[in-house]
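A lone chain, given as structure tokens: the form predicted on its own.
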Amino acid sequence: MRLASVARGVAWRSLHNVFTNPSLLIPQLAFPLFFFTAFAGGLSGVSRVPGFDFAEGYTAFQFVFVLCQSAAFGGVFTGFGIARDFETGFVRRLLLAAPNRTGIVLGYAVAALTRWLVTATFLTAIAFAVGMKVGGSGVDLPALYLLAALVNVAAGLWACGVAMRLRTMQAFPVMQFPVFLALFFAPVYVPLHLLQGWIHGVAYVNPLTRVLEAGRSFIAGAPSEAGVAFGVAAALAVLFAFWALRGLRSAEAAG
């Protein structure tokens, strides 16, 4: 089987399983909506904190975080699906049938990205429905979604590498916890300059901080740190691509 054929088959099967199974599809849409409602609505008073100067308002400020969070968790949930496919024996059969096994990793990555695009469309529609203000135009908003897409790819490849090594659904906490920490040790509720103490130091060196800061600048229509943010996101994607491929070698060796 050629690389493209393997990738297409894996992606189609993964997407078919999600979009025909309400128990998988509904949480994919509901969780980001829950976080968006809780953060943008329940914490909107944070925008009155002295020094909070995000002109587009707290809804837009939190939308960027929830968009990136949905991208990252979308990749992680695909890793959970890979682990489930190992437990059912599907991936082991595929490893025997596909000479070009790199297509397996590629197929799951394509499925993760496609799943997230559906979630992002739903989340964006809700955000505009509740009156989110956007200052960005032209290339600004596409740049925001491209940045989040790179986060999705990186998180999906991270989870894929874990799933390929451990090959059990019990590995889900290992996939999720580092991503969860990276997200919530970034400037989630207020801009970076308003954080104080140790959390400011951690957030400053957190690579996802650059992604969030650039994403918020895109939605505000005043891009900043774009090159650094895209460089960080792309570097994470490349790093975890090697991680996932090494995991694939581990799965091949384990039979």
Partner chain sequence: MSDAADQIFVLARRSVVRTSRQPAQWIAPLVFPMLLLAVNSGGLKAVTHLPGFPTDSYVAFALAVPFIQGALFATMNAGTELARDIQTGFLNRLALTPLRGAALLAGHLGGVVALGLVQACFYLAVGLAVGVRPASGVGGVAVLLVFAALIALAFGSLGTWAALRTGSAESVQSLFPVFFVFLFLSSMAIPRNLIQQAWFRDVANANPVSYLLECVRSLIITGWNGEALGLGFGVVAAVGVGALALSARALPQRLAR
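Numbering follows the first chain given and starts at 1. Quantities reported herein were computed from a predicted structural model and do not represent experimental measurements.
Omitted from view is the form predicted in complex with its partner chain, to which the following refers.
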Open item on the list: Heavy atoms within 4.5 Å of its partner chain in the model of the complex: which stretch in 117-125, 76-84, 174-182, 148-156 meets that?
Closed with: 174-182
Open item on the list: Please tell me whether any heavy atom belonging to A60 falls inside 4.5 Å of a heavy atom of its partner chain, as the geometry stands in the model of the complex.
Closed with: no
TODO: Report yes if any heavy atom of A222 sits within 4.5 Å of a heavy atom of its partner chain in the model of the complex; otherwise report no.
DONE: no
Open item on the list: Given that its partner chain is not shown alongside this chain, does A40 nevertheless sit within 4.5 Å of it in the model of the complex, heavy atom to heavy atom?
Closed with: yes
TODO: Classify A55 as contacting or not contacting its partner chain in the model of the complex by the rule of any non-hydrogen atom within 4.5 angstroms, answering yes or no.
DONE: no
Open item on the list: Considering non-hydrogen atoms and a 4.5 Å limit, which listed residue (V202, I26, V228, V49) is close to its partner chain in the model of the complex?
Closed with: V49
Open item on the list: At 4.5 Å by heavy atoms, is each residue in F31, S44 and W198 next to its partner chain in the model of the complex?
Closed with: yes
